[in-house]
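The chain that follows stands alone, in the form predicted alone, written as structure tokens.
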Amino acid sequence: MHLCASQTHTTQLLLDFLGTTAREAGSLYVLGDLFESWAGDDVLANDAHAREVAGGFKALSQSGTLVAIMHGNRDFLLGQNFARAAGATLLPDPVETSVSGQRVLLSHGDILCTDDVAYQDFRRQVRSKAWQQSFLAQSLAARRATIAGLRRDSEAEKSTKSDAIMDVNEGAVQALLGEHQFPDLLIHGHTHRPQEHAITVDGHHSTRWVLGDWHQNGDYLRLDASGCTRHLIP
């Protein structure tokens, strides 16, 4: 969703969704990049937009829907304080679950983009406990300035990378499916390339669903006894 205070229409689209359609669900899974960036949970103290988003999830949780949120590459610093404010559980990546008898593997998806070696090196660095402790020890203003610089660098680097490098590696997809005994479904985001992919490896059949972004429309997958279906919110 890449929520930020300046994109009010996207935030409102999400809040409307949380107050209506999402309440029909037993569980709601957000697979990373809920926010465009996240400098640390102390943001909640003085950021009305962040509190509004957390409040929307909290109201959904209190209505009886389980809320589970996974870290993305933009908001990997979401912590337990945010989770409590949102009434949510933070998920590891990847994580297995079961929906209506279907085995489902969930991931943000960036771990599958193994052709982008520079990004994978950066990901390992910023996901380390030592890096995060050092970063969070800085002032909020300094952290936000650092994040803004990293985003500029990232956009500049992406302009020189091919589309193929920034997509998932099929070998990495097959390896992940094999590690988890070939679940029925693998669902991820990150690439902004919404699609359904049928995968067969050594006689095992799985389906990979890729989530779309919320830049133009809302996009979500609904899983129930009839299977998995994609839905757009204009």
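Bear in mind the structure is a predicted one, so any value in this text is a computation, not a measurement. The first residue of the sequence shown is number 1, and the count goes up from there.
Beyond the structure shown, there is the form predicted in complex with a small molecule, which is absent from this document and is the topic of what follows.
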Would you point out which of 37-45, 62-70, 23-31, 173-181 contains residues with a non-hydrogen atom within 4.5 Å of the small molecule in the predicted complex?
37-45
Establish, in the predicted complex, whether Ala198, Asp213 and Leu221 all lie within 4.5 Å of the small molecule, using non-hydrogen atoms for the distance.
no
Within 4.5 Å of the small molecule in the predicted complex, heavy atoms considered, which of Ser139, Ser98, Gln80, Gln125?
Gln125
Exactly one residue in Ala85, Val104, Leu90, Ile147 has a non-hydrogen atom within 4.5 Å of the small molecule in the predicted complex; which is it?
Ile147
How about Ala118 - does it come within 4.5 Å of the small molecule in the predicted complex, if we only consider non-hydrogen atoms?
yes
Residue-level contact is defined here as any heavy atom of the residue lying within 4.5 Å of the small molecule in the predicted complex; does Arg208 satisfy this criterion?
no
Just to confirm, His188 within 4.5 Å of the small molecule in the predicted complex by heavy atoms?
no
